[in-house]
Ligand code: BEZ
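Below, in structure tokens: the form predicted on its own, a single chain.
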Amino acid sequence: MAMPLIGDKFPEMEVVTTHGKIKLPDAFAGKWFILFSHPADFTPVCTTEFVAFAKRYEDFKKLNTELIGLSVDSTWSHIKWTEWIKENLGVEIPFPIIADPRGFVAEKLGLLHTASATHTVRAVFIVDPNGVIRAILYYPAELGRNMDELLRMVKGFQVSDKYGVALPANWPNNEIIGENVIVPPASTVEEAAERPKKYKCFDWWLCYKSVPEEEAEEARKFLERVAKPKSGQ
């Protein structure tokens, strides 16, 4: 079975989770959602990730985004692990976790790689309100994910969709154009000639514009706030 790619519809499936049975992507219709897989419960890096996701859960919700985890462990293992996290680290896991002990979901999503035939890779699917996969990220077992970057990505997708633009590196703090956004390239000779008259340009193929000041300021403040250390909260 071919794994889904960016731009594909998220595969329809019914999954068993710690919050009961859920139909994907229908359960999150009208919302963004992030499905993230982890190699196994009761592992050190995954434990730190779940705490980090939980501490930023309200920030994701402010972006109309839900979270759902996945590994090849059973529901009972997930429940016991989240109990351990709450009892020992003082953090409650508010989002569902998919149980996939036979690896059917992992196989359908292409999450069983050569590193292990039995443990899911550390992956992230960002899915938009129409059920379309907008981003796929893979991480090795030894490297935990950066939750603030996932928040930046969702916020960036929302700005891109709203204004029909692309976003530069490190937006909204880009080294060249700051909080501005990139205008899609010209597709005709006439359009290329008009570009410098309509936008700020380094050349006709690299033009940019501003988004409403309140949009950029909101994004900057939001991302600065969520990037602050969450320890002790």
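Values in this document were obtained by computation on a predicted structure and should not be read as measured data. We number the residues from 1 along the sequence you see.
Just so it is clear, the following notes concern the form predicted together with the named molecule, a form of the same protein that is not shown.
Asker: Taking the partner as it appears in the predicted bound form, which of 184-192, 203-211, 170-178, 38-46 has residues with heavy atoms within 4.5 Å of the named molecule?
Answerer: Partner-contacting stretch among the options: 38-46.
Asker: Name the single residue among 89, 141, 79, 137 that comes within 4.5 Å of the named molecule in the predicted bound form, judging by heavy atoms.
Answerer: Of the listed residues, the single hit is 141.
Asker: Can you tell me whether residue 122 touches the named molecule? I mean in the predicted bound form, with a 4.5 angstroms heavy atom cut-off.
Answerer: Residue 122 belongs to the contact set for the named molecule.
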